[in-house]
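Okay, here we've got a single chain as C-alpha cells, the form predicted on its own, with questions on binding and movement later.
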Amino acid sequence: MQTVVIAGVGLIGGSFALALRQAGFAGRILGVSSERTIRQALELNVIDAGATLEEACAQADLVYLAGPIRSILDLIPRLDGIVKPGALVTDAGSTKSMICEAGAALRRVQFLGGHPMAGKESRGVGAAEAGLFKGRPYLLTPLEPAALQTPAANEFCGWLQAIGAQQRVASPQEHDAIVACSSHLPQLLSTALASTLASHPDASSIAAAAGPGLVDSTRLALSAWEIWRDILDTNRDAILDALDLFAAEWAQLRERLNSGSLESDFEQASRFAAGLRRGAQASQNGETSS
C-alpha cells in the first residue's frame, strides 16, 4: 500500500491518517475535503497533499471514506470509474446496511465496510489525534467472510492492528442492531435527559446544583445534530427496536419503584457497568486479542 486517500479529513479521517503515520506508514496520504479543511490538514501535517476526488482516486491503493453518512452514500457510486482496479474502498460510517449495499454495487474495486467505535464531542481535523483508535473496537462488516481474505483487505487489517484498534466482524445488519443499543440508544437517552431538564421550570436551579452524575449523563447531549441526523435516518428501524426495549424496561422499573423493589435492578445494572469498564480497561492495556 503506497497511497492512501482520505475522503473527509475531519476528526475520524484525520485521526486515521495520523495513526497510520505513527504506526510507520511511509507512503503518501492524500486528502479530499474543502479547501479550508485541506489547508488546516496540511498545516497540522495530517496529509501530504490535497487533491480532487478524481486525481486522488486514480493513485489510491486505499480509499478511506470518512465523511458524513449521506456524503459516503453519494460518493460510492462515483468510485467505480475513477479508482484504479485492485484498490480497496472502505468507510468509517456509523451505520452499515445502506452503505454496504451501495458498496456491493462496485465492480472494479473491492468494498469493505467499517466503523471505528471512537470519537469525541469535538469535530474537525483540528481535533484529530493519532491515538484515537487505540484500544477501541473497530467493526468490520464484510458481505461475505471471503472478503476479509483478499490481499488488500489483509493489508488493511494489518494496519488496523498496527494502530491498536480491536477488530470485530459482523454482518451489516448485525452491526446496525448492535450499535443501535450500544451507541444510538445512549445518545438518545442523554439527549432526552438534557432536553427534559432544559424545559423544567427550575432548569437554572437544577444546573446550579448539578454534580458529576448529571454532567456525565449529559455528555452525549453535546453531540452535533448534523452528525446524528444521518445516523437516525439510516438506522431508524433498529433504533426504534432499541427504544421499544428500553421503554418496556422503563415501564417495569417505574412499577418496581412504586413497590420499593429496585434492589435487583441496581445489582444487575452495576454488574453490567462494571463489566463494561473492565472490558474497556483490558482493551486499553492491550489484553484483548484482535
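Start at 1 with the first residue shown and count on from there. Just so we're clear, the structure is a prediction, and the values are computed from it rather than from any experiment. Take the two forms, superpose them, and find the largest set of C-alpha atoms that agree within 1.5 Å; that set is the rigid core.
Another form, the form predicted in complex with a further copy of the same chain, is not on view; read the next lines as being about it.
Item checked: Within 4.5 Å of a further copy of the same chain in the predicted bound form, all of 117, 206 and 228 (non-hydrogen atom) -> All of them do, each having a heavy atom within 4.5 Å of the partner.
Notebook entry, point to check: Among 182, 149, 122, 161, which has any heavy atom within 4.5 Å of a further copy of the same chain in the predicted bound form?
Noted result: By the 4.5 Å heavy-atom cutoff, the listed residue in contact is 182.
Margin query: So in the predicted bound form, is a further copy of the same chain close enough to residue 78 to count as touching (4.5 Å, heavy atoms)?
Written below: No, residue 78 is distant from the partner.
Margin query: Quick check on residue 85: any heavy atom within 4.5 Å of a further copy of the same chain in the predicted bound form?
Written below: Residue-level check for residue 85: no, no contact with a further copy of the same chain.
Checklist line | Partner contact for residue 218 in the predicted bound form: a further copy of the same chain, 4.5 angstroms, heavy atom | finding: Yes, residue 218 is a contact residue.
Check: Does any heavy atom of residue 247 come within 4.5 Å of a heavy atom of a further copy of the same chain in the predicted bound form?
Finding: Yes - in the predicted bound form, heavy atoms of residue 247 and a further copy of the same chain come within 4.5 Å of each other.
Item checked: Listed range touching a further copy of the same chain, judged in the predicted bound form by heavy atoms within 4.5 Å, from 42-50, 23-31, 63-71, 257-265 -> Correct option: 257-265.
Notebook entry, point to check: Which of the residues spanning 188-222 lie within 4.5 Å of a further copy of the same chain in the predicted bound form, based on heavy atoms?
Noted result: Residues within 4.5 Å: 188, 189, 191, 192, 193, 194, 195, 196, 197, 198, 199, 200, 203, 205, 206, 207, 208, 209, 210, 211, 212, 213, 214, 215, 216, 217, 218, 219, 220, 221, 222.
Margin query: Superposing on the rigid core, I want to see if residue 146 changes position between the shown form and the other one - specifically a Cα shift of 2 Å or more.
Written below: Comparing the forms between the shown form and the other one, which are aligned on their rigid core, residue 146 does not shift its C-alpha by 2 Å or more.
Checklist line | Core-superposed C-alpha of residue 207 shifting 2 Å or more between the shown form and the other one | finding: Yes, the C-alpha position differs by at least 2 Å between the shown form and the other one.
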